[in-house]
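One chain comes next, on its own, written out as structure tokens in the form predicted alone.
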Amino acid sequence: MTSHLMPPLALTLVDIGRILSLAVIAGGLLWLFLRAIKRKEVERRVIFLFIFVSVVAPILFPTVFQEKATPIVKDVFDKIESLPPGSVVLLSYDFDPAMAPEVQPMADAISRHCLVRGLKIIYMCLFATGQGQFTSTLENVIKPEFPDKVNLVDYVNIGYKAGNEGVLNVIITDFKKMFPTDVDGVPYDSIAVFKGIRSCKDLDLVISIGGGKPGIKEWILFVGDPGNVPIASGVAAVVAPLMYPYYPAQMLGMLGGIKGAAEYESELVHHYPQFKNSPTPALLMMGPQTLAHLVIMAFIVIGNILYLLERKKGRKR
């Protein structure tokens, strides 16, 4: 009779650190609850310490929580999924380095999705600083992960033009007037991506990443509405509430803040397992945020339990 022994469970230092951190937080909350029941004062510094540990622990020992795409994020993902190979998507980097930690993961994830689907991408920006942010995508996503994709054939960077809404007023009728060449000086008519594309009206999808002005609102007002062009966006969390009124009639979907970016990354990995080992910065950033929120919720629950106990004692008296 042959016995099959289970292989020993291999725990890395990160796994051990993650387990110990969660154990410390759980044990600390239990201690806090018991101390509060005994009506012993809890110093404010202890509360701050809990929040500190809940934020720092997932950073030192990366903790990833599963995310499920909400409808407004899933609509963007499904739209790209529905486009046949060869469709042309315009991705506008309308943000600066200060906003990049929150929205750069969106731009990178959407670029991965478009390229793996065989879509062609036109990169541009309404912010002068957007050019540098595209370079990050080029160096960290396109070149290392899609070495077979060819500049001018599968994607093109036409860069930045000053003018804000004026730029959109021109490209809604004629791209070539505003962008006669790409950033390297290659003539418009020599760029394969622009074959059959005269204006934004010929695009299959426009996605604005950012949240400032000019940004998604201007894309909707000057391109989406007058040209009947499908528009989607990825915006900073502080901007997202202002954009909900445009969904879904004028904006087909939106990634809002790190949460939206994390949902998109999770959806992408779920559908394309080859990206399992690709960077997912938004999912990593959600670790500290989620754990801190759970700790705060625990504080609220403990506080309400104590309030109810105190009220019950008061009635007995």
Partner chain sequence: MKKTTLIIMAGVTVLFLLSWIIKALALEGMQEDYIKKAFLVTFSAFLTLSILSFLYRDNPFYKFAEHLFVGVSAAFWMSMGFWSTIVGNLIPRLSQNLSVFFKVHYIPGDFNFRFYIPVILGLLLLMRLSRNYGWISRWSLAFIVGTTAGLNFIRYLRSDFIKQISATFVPLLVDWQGTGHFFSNLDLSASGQLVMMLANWTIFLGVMSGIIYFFFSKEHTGMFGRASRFGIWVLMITFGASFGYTVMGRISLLVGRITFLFRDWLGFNI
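Here the structure is a predicted model, which is why all the values come from computation and not from measurement. Residue numbers count along the first chain shown, from 1.
In what follows, reference is made to the form predicted in complex with its partner chain, a form of this protein that is not presented.
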Check: Heavy atoms within 4.5 Å of its partner chain in the predicted complex: does K161 have any?
Finding: yes
Notebook entry, point to check: Is the gap between L60 and its partner chain in the predicted complex 4.5 Å or less for some heavy atom pair?
Noted result: yes
Note to self: Just checking whether V269 would be counted as a contact of its partner chain in the predicted complex - the rule being heavy atoms within 4.5 angstroms.
What the structure shows: no
Check: Just to confirm, I191 within 4.5 Å of its partner chain in the predicted complex by heavy atoms?
Finding: no
Next item on the list: Mind telling me which stretch in 116-124, 147-155, 81-89, 101-109 gets its heavy atoms within 4.5 Å of its partner chain in the predicted complex?
Entry: 101-109
Next item on the list: Using heavy atoms only and a 4.5 Å cut-off, determine which of C200, I231, I142, A240 is in contact with its partner chain in the predicted complex.
Entry: A240
Notebook entry, point to check: Are there residues in 104-139 with a heavy atom within 4.5 Å of its partner chain in the predicted complex, and which are they, in order?
Noted result: F127, A128, T129, Q131
Item checked: Sense of the change in Cα distance from V301 to K68 in the predicted complex - at least 3 Å versus the shown form -> farther
